[in-house]
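In structure tokens, the next block holds one chain alone, the form predicted on its own.
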Amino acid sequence: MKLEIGNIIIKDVKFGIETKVDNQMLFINRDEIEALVLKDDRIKGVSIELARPGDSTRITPVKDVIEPRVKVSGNGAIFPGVISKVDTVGSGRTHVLKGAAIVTCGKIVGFQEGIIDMSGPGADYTPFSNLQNVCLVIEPIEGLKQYEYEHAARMAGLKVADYVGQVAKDLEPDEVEVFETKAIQEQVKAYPELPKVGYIYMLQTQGLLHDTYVYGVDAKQIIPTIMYPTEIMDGAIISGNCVSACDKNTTYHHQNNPIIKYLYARHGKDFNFTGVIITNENVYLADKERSSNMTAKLSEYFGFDGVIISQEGFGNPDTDLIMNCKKIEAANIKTVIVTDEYAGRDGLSQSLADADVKADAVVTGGNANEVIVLPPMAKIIGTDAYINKVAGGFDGSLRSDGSIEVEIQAITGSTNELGFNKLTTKSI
């Protein structure tokens, strides 16, 4: 599959009389967006707010971040199986409003939604502080069950991202990136002298609002399977989970997976990027064994010489990560695992819930238990009333002056396990 990504650079966002892009400025018609969201009778009200880099603004509790895009040519349309029909994406051309994002937030249903600060020290820990954010603060109807509320919020974000993305369809991109992966036999023959490298993409699928969707299917219902990397870049995978904010993969992360982009960048130079295997993170031991067995078998079938394995979340998923690592190594395929750490506030505790000597090549996104003080912000989009109970918070986290003392696991994307962040950890 060959995919062209046409980037339309967005440097600012404002409200206007119509939704459009003009001279790298995204204009948003607030009434149109509100009317679109309120078509869902599960949503009582929505507030549309803008957050720009450098603003004294805190967005919380963040549910998802989505990049507005539109299919221009090729099969399918945006978010297949959810917003559009179940057609295979990953080919043709897709236009992207690069630098803009739709952020959904609102009433917390658990304890794991997060914080985006647009300025101050917290902004350095999240990539989303660099974006022009259109925020949807969603208010559900009374008595709506938490699963229905989360579904309504998720769909609102995707619908608005699709709606806003449509303005890019007929625009001339500022830049065009081209990505291509051929069928397995043809791909292997392309660079016979280079090692064949694959990517094992672990998706959060533990249920109880810990879900990821592939072409609209809850990924806990699948067994590991093969995907073209361009399918993932083209919106085939979306977030539907409420895991700890620091290492949650939002939909934006899936759309812009930096491991996939890195593998493409080095393809044909250092190695032959041969393909992607998606797998899930299960609750029960038998399911973990089944998925890791299948992942190892598919890696062997591909003929990989080496793989990168990324996980999402921590604790229970550490077992899936290490199972994948051990079984793939047993097939004489070298592995590098990408994770983050929960090593205690002093950094001296065991970092992962599981370990093995075969896991000797590790990339870490940092220690989620590190403590930070976030200063007061002039504007809160959403509410900070829940801060004391969010994952990473504690009784007294929210101070009377509006500042917050919290572990960085409360910051959206701070220790992301795709490497979509600025942190790492060093041994001492």
Partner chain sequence: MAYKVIHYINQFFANIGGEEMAHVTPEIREGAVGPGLGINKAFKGEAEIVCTVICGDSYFNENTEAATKEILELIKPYEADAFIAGPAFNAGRYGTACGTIAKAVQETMHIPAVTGMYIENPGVDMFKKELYIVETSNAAVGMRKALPKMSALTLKLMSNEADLDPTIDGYIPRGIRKNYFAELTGAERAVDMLVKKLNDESYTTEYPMPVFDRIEPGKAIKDLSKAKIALVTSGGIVPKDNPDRIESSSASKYGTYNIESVLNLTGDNYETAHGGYDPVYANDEPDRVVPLDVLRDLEKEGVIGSIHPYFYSTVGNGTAVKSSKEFSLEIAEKLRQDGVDAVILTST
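Please read these numbers as outputs of a predicted model, since none were measured by experiment. Residue numbers count along the first chain shown, from 1.
In what follows, reference is made to the form predicted together with its partner chain, a form of this protein that is not presented.
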- Item | Which of 229-237, 335-343, 71-79, 86-94 sits within 4.5 Å of its partner chain in the predicted bound form, heavy atom basis | 335-343
- Message: Give me the residue from Ala183, Leu348, Ala330, Val178 that has a heavy atom within 4.5 Å of its partner chain in the predicted bound form.
- Response: Leu348
- Name the single residue among Val214, Ile308, Leu158, Leu298 that comes within 4.5 Å of its partner chain in the predicted bound form, judging by heavy atoms. Ile308
- Examine Leu418 and determine whether its closest non-hydrogen atom to its partner chain in the predicted bound form is within 4.5 angstroms. yes
- Query: Is there a heavy atom of Pro195 lying 4.5 Å or less from a heavy atom of its partner chain in the predicted bound form?
  - Reply: yes
- Query: Would Tyr191 show up as a contact with its partner chain in the predicted bound form if we use heavy atoms at 4.5 Å?
  - Reply: no
- Query: With the cut-off set at 4.5 Å between non-hydrogen atoms, does Thr424 touch its partner chain in the predicted bound form?
  - Reply: yes
- Query: Would Tyr262, Arg266 and Val357 all count as contacting its partner chain in the predicted bound form, using a 4.5 Å heavy atom cut-off?
  - Reply: yes
- Note on the structure: Of the residues spanning 359-373, the ones with some heavy atom within 4.5 Å of its partner chain in the predicted bound form are Ala359, Asp360, Ala361, Val362, Val363, Thr364, Gly366, Asn367, Glu370
